[in-house]
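Below, in structure tokens: the form predicted on its own, a single chain.
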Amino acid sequence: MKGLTITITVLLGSAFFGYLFAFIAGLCRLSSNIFLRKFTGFYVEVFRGTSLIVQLFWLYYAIPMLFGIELGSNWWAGVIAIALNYGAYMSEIVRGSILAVAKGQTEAATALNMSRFQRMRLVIFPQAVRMMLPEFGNYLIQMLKATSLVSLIGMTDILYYGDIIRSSNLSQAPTVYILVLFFYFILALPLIFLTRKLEGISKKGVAN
């Protein structure tokens, strides 16, 4: 129970910044500016193509040593690492959902003399967001499971305290890890129900 607060706050911080990075990168991938597209494309490929554990160690250990850039605390390092990693994956969901909106919707908006910004804000984006919702729910559950990695940089989350109890009494290791698994499952249950709800919402009102 002592590690519950850290696990939940890391999840909330990671989810907030992860979705923010996803929308920014996803929209930039669709930009007419080639430098913006290439830069965000590089970010997506790097963070999708490398291990989250390595990224976590880079942000917490390597970057401060090599460049003298401190993120402030291990909490920020954990949150930013998880957010950047899952933001890269979710940016492709954002991009794909926007491209999946029927072209007739864009043509109808153009016929109504809407600007590019108005077409995106009023016609395309609301439909695309509904398509994104189920996958966003799934990635929220993935981010919850990824919070267990922050114990590797000294954060006192659920797994950290589980390891302490296990190290003091090795015979209790199976019981300890069953309890840790149970804690994560209980935390995931509301997210599972939320994902199912989002799947229901996504089926309503999307032009196809």
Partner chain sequence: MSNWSWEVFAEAFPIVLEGLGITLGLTIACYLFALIFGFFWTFLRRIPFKPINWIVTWVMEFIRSTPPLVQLFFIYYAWPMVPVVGVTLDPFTSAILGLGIHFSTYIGEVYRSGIDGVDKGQWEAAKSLNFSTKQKWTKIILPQAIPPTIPMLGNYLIIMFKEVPLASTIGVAGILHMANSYGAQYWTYLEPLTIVAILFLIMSYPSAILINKLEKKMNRRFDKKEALNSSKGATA
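Residue numbers count along the first chain shown, from 1. Small disclaimer: the values here were computed from a predicted structure and weren't measured.
There is another form of the same protein, the form predicted in complex with the partner chain; it is not shown, and what comes next is about it.
- Put simply, V180 is close to the partner chain in the predicted bound form: some heavy atom of it is within 4.5 Å.
- Although the partner is absent here, M65 sits close enough that one of its heavy atoms falls within 4.5 Å of the partner chain in the predicted bound form.
- At the 4.5 Å threshold, heavy atoms of Y161 stay clear of the partner chain in the predicted bound form, well away from it.
- Although the partner is absent here, S148 sits close enough that one of its heavy atoms falls within 4.5 Å of the partner chain in the predicted bound form.
- If you check the partner chain in the predicted bound form, you find no heavy atom from any of F39, I98 and S202 within 4.5 Å.
- Contacts between 87 to 108 and the partner chain, taken as any heavy atom within 4.5 Å in the predicted bound form, involve only Y89.
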